[in-house]
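Coming up is one lone chain in structure tokens, specifically the form predicted alone.
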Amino acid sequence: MVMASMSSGSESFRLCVFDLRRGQNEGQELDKILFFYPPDLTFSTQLSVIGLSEGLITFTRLFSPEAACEVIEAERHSHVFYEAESDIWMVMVVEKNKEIEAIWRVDALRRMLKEVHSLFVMFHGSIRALLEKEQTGGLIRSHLYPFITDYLNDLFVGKKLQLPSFRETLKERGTVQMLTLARDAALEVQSLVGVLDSCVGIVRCHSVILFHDLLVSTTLSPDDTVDLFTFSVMRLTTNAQSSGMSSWSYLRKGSTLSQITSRSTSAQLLGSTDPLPSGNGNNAARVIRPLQHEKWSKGKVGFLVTDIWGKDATPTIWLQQTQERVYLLTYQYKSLTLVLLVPTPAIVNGELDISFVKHQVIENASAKILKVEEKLSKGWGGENAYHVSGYRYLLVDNDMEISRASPPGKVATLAKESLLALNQLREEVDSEKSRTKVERDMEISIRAKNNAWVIARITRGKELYMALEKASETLLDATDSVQRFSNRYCSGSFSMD
């Protein structure tokens, strides 16, 4: 299965990050550029793209001060906007392609921008904070260029950039996928979480547990859980370690990465050639690159090790909800991945205390870890565990930021006409949600060219998308099928009664 493919040429795809508060005086226009891809375009070309984007933002704010433009559809390009932080904008410019595979959903592209920003903040803190820390812009550029470059490398196959196409319409980026637990397994997991949370004595730790690429347990807020889950699936889980692929994509990525350079366009734009503080809470004069491939490996005692933060240095991340920096310790046993987050103030003696925490985990939690893994493995239904015969579906809980979908292999059996109709359906829902800005119940049904029915139901923060390919079904039959699915698998949440 494929995604929308385009060359890495300057006309096909551009991505920029800029600050509306900077570069407003003549001769200082370059100051507003914080990131630009491709990085080797001339400054005049970069300023042309950003100047157009800035003009569109300013113009649309006249009519909608609280919500400026989200997308501009030009004849040859789609311009996708995302205000990552106040007056800090990310804009993606994608060339329209006549190839049938190059059909995408604008909201899916915006979610990519949101995802890379959220991951950046988790490791480095906010863009605005780094700008205030070093006002020439050199510090933030030295972080953004390698970070976004490493993120984009996941989207390349050879020299082709692969953006999510209509074939990924039954996936929802920015959500977590949960593992359903039997009662006895849930009790064992709860007991394990209690042990993990008390590994540093009176200081409470946070933990996230994954089985394969599914979330088992979390003590974090929904937003922090999504960020850490996304990173774990990209780089930490056993699947990520063994295949080098990101499981959010239907496309299996090879080991060959695009040769994207992460350098800035020039020393003038970077602002400084001197060593800069990392901004990640460590005192090393280096810029960490947590999204680099093949930088994590399993150590002797089961904890993952990496030299990304420096030799023998422990990784740290930033939690949004509590506004605290924590050490990230990852333990792996078979298909079970445990992420333990220890508040940095609790670690007084550096790596000596970190070693003590690891020892506590091994000594106090090993037996429980083995038991949890055994129970989860026995109840594991494999990659098709959540397949429902006759249905191809996507369930989204926006409040909890959770989704569940038909397995990719099953979605691949849908006809192209069904997938195109699903993509159109989701575009209509996205458009209606953007227009009204308020939650309201909604139902939309579309008959595809191959006579399949695609149906969307939205109610109380939950969304259900479904494709039914039985050509003999009438709309009434299709509605009854959705009703049965809702009653059996969604506790009647999407029932029309």
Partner chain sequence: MTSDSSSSPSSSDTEFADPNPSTDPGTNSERVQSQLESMNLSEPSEVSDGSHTDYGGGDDDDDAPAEVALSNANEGGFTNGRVVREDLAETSGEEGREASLRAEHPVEMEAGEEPPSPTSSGYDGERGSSGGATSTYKADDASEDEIREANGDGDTASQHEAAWLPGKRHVHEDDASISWRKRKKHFFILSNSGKPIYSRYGDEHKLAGFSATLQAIISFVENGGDRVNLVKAGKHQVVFLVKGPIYLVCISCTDETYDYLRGQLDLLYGQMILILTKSIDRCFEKNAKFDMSPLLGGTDAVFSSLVHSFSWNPATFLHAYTCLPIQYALRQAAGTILQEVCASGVLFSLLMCRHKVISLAGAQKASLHPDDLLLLSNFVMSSESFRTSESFSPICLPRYNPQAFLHAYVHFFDDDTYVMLLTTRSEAFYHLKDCRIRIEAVLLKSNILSMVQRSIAEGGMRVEDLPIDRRLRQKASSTNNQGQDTGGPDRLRDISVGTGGPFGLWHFIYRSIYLDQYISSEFSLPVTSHRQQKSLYRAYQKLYASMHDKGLGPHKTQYRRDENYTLLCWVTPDFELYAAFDPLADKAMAIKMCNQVCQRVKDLENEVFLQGASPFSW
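Positions refer to the first chain, counted from 1. Treat the numbers as computed from the prediction; the structure is a model and nothing was measured.
One more form of this protein, predicted together with the partner chain, exists but is not displayed; see below.
Trainee: With a cut-off of 4.5 Å between heavy atoms, is residue 462 one of the residues that contacts the partner chain in the predicted complex?
Mentor: Residue-level check for residue 462: no, no contact with the partner chain.
Trainee: May I ask you to state whether residue 467 is within 4.5 Å of the partner chain in the predicted complex, using heavy atom distances?
Mentor: Although the partner chain is absent here, residue 467 would stay clear of it in the predicted complex, with no heavy atoms inside 4.5 Å.
Trainee: Since only the chain is shown here, I'm wondering whether residue 77 would be in contact with the partner chain in the predicted complex (any heavy atom pair within 4.5 Å).
Mentor: So residue 77 counts as contacting the partner chain.
Trainee: Spell out, yes or no, whether the shortest heavy atom distance between residue 424 and the partner chain in the predicted complex is within 4.5 Å.
Mentor: Flag for residue 424 set to yes.
Trainee: Let me know the one among 336, 122, 72, 185 whose heavy atoms come within 4.5 Å of the partner chain in the predicted complex, would you?
Mentor: Filtering the options by heavy-atom distance leaves 72.
Trainee: Note which of 163, 420, 394, 178 lies within 4.5 Å of the partner chain in the predicted complex, where distance is taken over heavy atoms; exactly one does.
Mentor: It is 420 that has a heavy atom within 4.5 Å of the partner.
Trainee: What are the residues of 306-326, in order along the chain, with a heavy atom within 4.5 Å of the partner chain in the predicted complex?
Mentor: Residues within 4.5 Å: none in this stretch.
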